[in-house]
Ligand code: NAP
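In the block that follows, a single chain appears as structure tokens, in the form predicted alone.
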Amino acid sequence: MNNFRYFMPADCYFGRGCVSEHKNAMAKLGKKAMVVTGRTSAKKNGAQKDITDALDALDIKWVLFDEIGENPDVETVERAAKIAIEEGVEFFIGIGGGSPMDASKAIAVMAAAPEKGTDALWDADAKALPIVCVPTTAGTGSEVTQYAILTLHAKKTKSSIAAHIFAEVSYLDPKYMDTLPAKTTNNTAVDALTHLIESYLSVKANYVSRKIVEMGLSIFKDCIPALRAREYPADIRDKLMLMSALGGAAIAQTMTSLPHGMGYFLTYEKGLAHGMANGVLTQAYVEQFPAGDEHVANLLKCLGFADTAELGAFLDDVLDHEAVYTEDDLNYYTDRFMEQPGKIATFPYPLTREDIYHMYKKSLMK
């Protein structure tokens, strides 16, 4: 067993009603908060009211920034940070999927160093004001990771900010997902699955991270029939929320791998949801490993799939992928991905440009 480090500082509370029950965990973070969310979902599912009621009960003042869209960009983060600085905000609460949670981390970095502006985002040593994360989807795991992904229009892609910021407190209440539509549920669940798979197969994986993944995969296996049927009773919502957090805990140790880096271009160029973009590339990614790879065999066993074809059939079944691609698209995506040596380095075997091209082709030109 090789030496390794494991670091997971987020203070997590899991369960229905956990915000009200454990609201005092926020009392130490400051006297004024910015609630960072999207326009409607956090209002509809009750998460925003639960948080603001908790803040009111703690006598913590708050301001609302509800302009976070899917795949938030640097410009939106900059606008929110300016408001936070003017208002004297002392901590941030991201409510929603990965977009509001990631945005809250980026805003907190900029608010901690107002003199640096957006340059703070690309400073690996940058600090942040405290953050609370409240996931309302089961996919990104941002509530337990140090990553924050933003859209960079100048580069026509998405990228993680350089600063690595964990939440101080995270509330994982599955009830906020009870009204999620099937498409969002499945896309985000597949995102979490790809976290588990990519972490497990990464050259950076260690004994503990793989045990976390195996636990997450076993929980995901229980959810497969519901994802196929697109019917989600409360116990399945609970399992999806826990599975997603385990996926986040795993990639916090290993980072993500090829499907995430390759999928950013599908999201930016074709508008694919993040989880779908990862999912359509996953079978080809797993099949890039040599036959007989023990880790591939074990993850398929954990999921109950006989082979990669069954994995691919499941992903095709639960994702509604209808985008059309050309050879020019494939070559463009391939060339752009080859600019990411960090992602390529997570793969435990040598890779060429041709390998990446064929992964795109196998996935997108069926």
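So that there is no doubt, residue numbering starts at 1 and follows the sequence shown. Values in this document were obtained by computation on a predicted structure and should not be read as measured data.
One more form of this protein exists, namely the form predicted in complex with the ligand; it is left out here, but the text below deals with it.
> Heavy atom to heavy atom, is Y147 within 4.5 Å of the ligand in the predicted complex?
Replying inline: Residue-level check for Y147: yes, a contact with the ligand.
>> How about Y176 - does it come within 4.5 Å of the ligand in the predicted complex, if we only consider non-hydrogen atoms?
In response: Flag for Y176 set to yes.
> Should D191 be counted as a contact of the ligand in the predicted complex, where contact means heavy atoms within 4.5 Å?
Replying inline: Output for D191 is yes: heavy atoms within 4.5 Å of the ligand.
>> Contact with the ligand in the predicted complex for P114, defined as at least one heavy atom pair within 4.5 Å: yes or no?
In response: No, P114 is distant from the partner.
>> Given a 4.5 Å cut-off on heavy atoms, tell me which of 306 to 314, 33 to 41, 319 to 327, 334 to 342 is the interface stretch with the ligand in the predicted complex.
In response: That would be stretch 33 to 41.
>> Under a 4.5 angstroms heavy atom criterion, identify the one residue in T254, T76, S99, T282 near the ligand in the predicted complex.
In response: Flagged contact: S99.
>> Under a 4.5 angstroms heavy atom criterion, identify the one residue in T157, T184, T118, Q288 near the ligand in the predicted complex.
In response: Of the listed residues, the single hit is T184.
>> Just to make sure I understand: among 103 to 142, which residues lie within 4.5 Å of the ligand in the predicted complex, judging by heavy atoms?
In response: K105, T136, T137, T140, S142 sit within 4.5 Å of the partner.
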